[in-house]
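So this first bit is one chain, no partners, the form predicted alone, shown in structure tokens.
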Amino acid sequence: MRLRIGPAIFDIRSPFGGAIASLRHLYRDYPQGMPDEIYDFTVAALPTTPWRRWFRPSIRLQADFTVEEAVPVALRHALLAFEMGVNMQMALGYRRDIILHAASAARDDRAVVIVGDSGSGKSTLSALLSWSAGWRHCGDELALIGLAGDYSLTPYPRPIGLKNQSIPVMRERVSADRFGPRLEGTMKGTVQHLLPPVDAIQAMDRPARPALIVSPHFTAGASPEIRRMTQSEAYLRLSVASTNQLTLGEPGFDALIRLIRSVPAYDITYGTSEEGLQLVEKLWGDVE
């Protein structure tokens, strides 16, 4: 299978035909095929041992870029294995932009970058912005920030990996046909992928200029709060979130410095999804 997400083309292979079929269906709105196109990365999902192809089948990844501590994944969680492999290639091997572990969304080709630890609520917030507030989904896992002077954001709008309590929040708002299969018993609990709106996928070649950085902190029942970060704090957050700044060297450092000197950054705390959306809209109004 050949698949394009944002600026990168992936060559994906596996002897498990059902896993490839599930991936084709999940990415049905994305460019596929492209047999003559030069691809950027290869990802293969292989049986952990020959007999594991048939008995209690499990998957190990073989790709251009991997990490030694990557653990095998049960075949029933093949979509998570592919997601891990694809994101790993971008995080470790992509060199055209600086990569942040962050979500992003755009309005009128200006973007908010949502950075935070796993479980902080950034994926849910990006899903809410795209499905409930009319923003263009640009990514929920990785944000690609340009190294040139305009530090533009290149969309990487892969399906949104919702976890646990985030799933019913979005199922109340989005048609069931935009969801992938429900994956129970993963290392992160229950996971279900949500496809972005079709127009966001069709616009993934259109960059946006970052205008706002937010770090969400969702705690049920918490009072809404906004706190502006200092530039030093913002740089530290983005530097820690970057997967390739050190590899890029001085150009990567310069790109982050230009970004935090030009774009305001805020911590936001909230207790409901609606409050999170309201805080982003308030801050967006202040930067317009």
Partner chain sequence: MTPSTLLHSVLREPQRMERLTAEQWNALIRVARVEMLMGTIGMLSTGMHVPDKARLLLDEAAAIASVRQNAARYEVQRMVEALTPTGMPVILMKGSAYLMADLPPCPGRNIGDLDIMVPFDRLSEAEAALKRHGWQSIKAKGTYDDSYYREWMHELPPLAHETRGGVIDLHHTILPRTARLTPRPERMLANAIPTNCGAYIMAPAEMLLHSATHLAYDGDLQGGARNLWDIDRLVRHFAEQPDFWDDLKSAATAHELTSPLARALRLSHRLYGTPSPAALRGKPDLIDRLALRKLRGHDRYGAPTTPISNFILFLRGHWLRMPLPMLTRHLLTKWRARRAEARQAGRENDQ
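None of these values were measured; they are calculated from a predicted model. Positions refer to the first chain, counted from 1.
A second form of this protein, the form predicted together with its partner chain, is not displayed here; the remarks below concern that form.
- Residues of just one listed stretch (92 to 100, 138 to 146, 202 to 210, 183 to 191) have heavy atoms within 4.5 Å of its partner chain in the predicted bound form: 92 to 100.
- For the options Q62, T230, T49, S223, the one in contact with its partner chain in the predicted bound form, meaning a heavy atom within 4.5 Å, is Q62.
- Residue F41 is the only one of Y30, F41, F253, Y235 with a heavy atom lying within 4.5 Å of its partner chain in the predicted bound form.
- Using a 4.5 Å heavy atom cutoff, none of A21, R173 and S175 lies near its partner chain in the predicted bound form.
- By the criterion of a heavy atom within 4.5 Å, A241 is excluded from the residues contacting its partner chain in the predicted bound form.
- R13 belongs to the set of residues with a heavy atom inside 4.5 Å of its partner chain in the predicted bound form.
- The closest non-hydrogen atom of E68 lies beyond 4.5 Å of its partner chain in the predicted bound form.
- Although the partner is absent here, I9 lies within 4.5 Å of its partner chain in the predicted bound form, judged by heavy atoms.
- Using a 4.5 Å cut-off on any heavy atom, the residues of 230 to 267 that reach its partner chain in the predicted bound form are, in sequence order, T247, L248, G249.
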